[in-house]
Ligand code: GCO
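Next up: a single chain in structure tokens, the form predicted alone.
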């Protein structure tokens, strides 16, 4: 019942299932797979697509001939397996040249190099068929505010994205940008730290219609925020262009755990939201297998991400059809229509009538709302006893 199908649009990055288990305190525990091997691994577990940073596929120091050979081999693997590349992005955080950021770096040569690298990576993404291009500013920040003026940094980021939007238009690419927020790590503080900040920033761009967001579960949890609320805001704004699914304990470093493995109720309401509103984009798992695993364990991890999503999708349909839950919701949201005369759109007559209306303030404060029962019913449904 929980086998992934292409219509589910489950994707993984080359950097996720290809993670070799290195961390700041330990050496790799898995051998490095080639991009072609990763494509076949993802096909084996039933994924729909594979996403990539430019240097996940093509090493930063590859010659043009090497680059073309790598891309040709990768495209052949895609053709053999039927996998697609819905999203691409640029690595602007690993190379030492970007130690002070890329688009916001103080050095103008670094900023120019970052633009050059991104244009070439956009070309690669378009060649592979990507229609979404993600920007995560992992080094766009500071450890000390003595080093950068945040107004200057914001202007530099805006100028870079305006330039790249114009480049995409000039090339005729079918490509939209999605900005990914994170509060910190690897920088002490990263600019535009939350999805809400990104949404506000987008409206200052020359082509805001081309730019949306790519919210990530772990990144909002790192800031102690409710991920669902940020996803809903992005959806309401028409800006949910892509989404990164994983899991995370609040207050920790960026853990990138298997989807639904920590905060199951939060994962449930997220899946329910995406399915209820009809989100049609990729369900991208930006997560990593435990360092304890070999590649059989990595396959278990990938299958687990997709299986959990599908189980929660089924649970969401069950929640929507549960008679007791729906009866309680009807009671909670009951509306006798008596306030309709006051609601938007505004008119002077409505304002006058509302100012003169009488409300039983005491009764409003005394009414029980039934949220405890509703939440318990949700828990029982998730625990499989309903």
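What you see is a predicted model; the values in this text were computed from it and never measured. Positions refer to the first chain, counted from 1.
Below: the form predicted in complex with the named molecule, not depicted.
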Exercise. Is there a heavy atom of residue 245 lying 4.5 Å or less from a heavy atom of the named molecule in the predicted bound form?
Worked result: no
Exercise. If you check in the predicted bound form, is residue 140 within 4.5 Å of the named molecule, heavy atoms only?
Worked result: no
For this session: Could you confirm whether residue 98 comes within 4.5 Å of the named molecule in the predicted bound form, counting heavy atoms only?
Result: no
For this session: Report yes if any heavy atom of residue 93 sits within 4.5 Å of a heavy atom of the named molecule in the predicted bound form; otherwise report no.
Result: yes
Exercise. Looking at 104, 89, 282, 195, which is the one with a non-hydrogen atom within 4.5 Å of the named molecule in the predicted bound form?
Worked result: 89
Exercise. Only one of 191, 74, 136, 241 has a non-hydrogen atom within 4.5 angstroms of the named molecule in the predicted bound form; which is it?
Worked result: 136
Seminar exercise, completed: Of the candidate stretches 258-266, 195-203, 211-219, 307-315, the one with residues having heavy atoms within 4.5 Å of the named molecule in the predicted bound form is 211-219
For this session: Could you run down 37-67 and flag each residue that has a heavy atom within 4.5 Å of the named molecule in the predicted bound form?
Result: 53
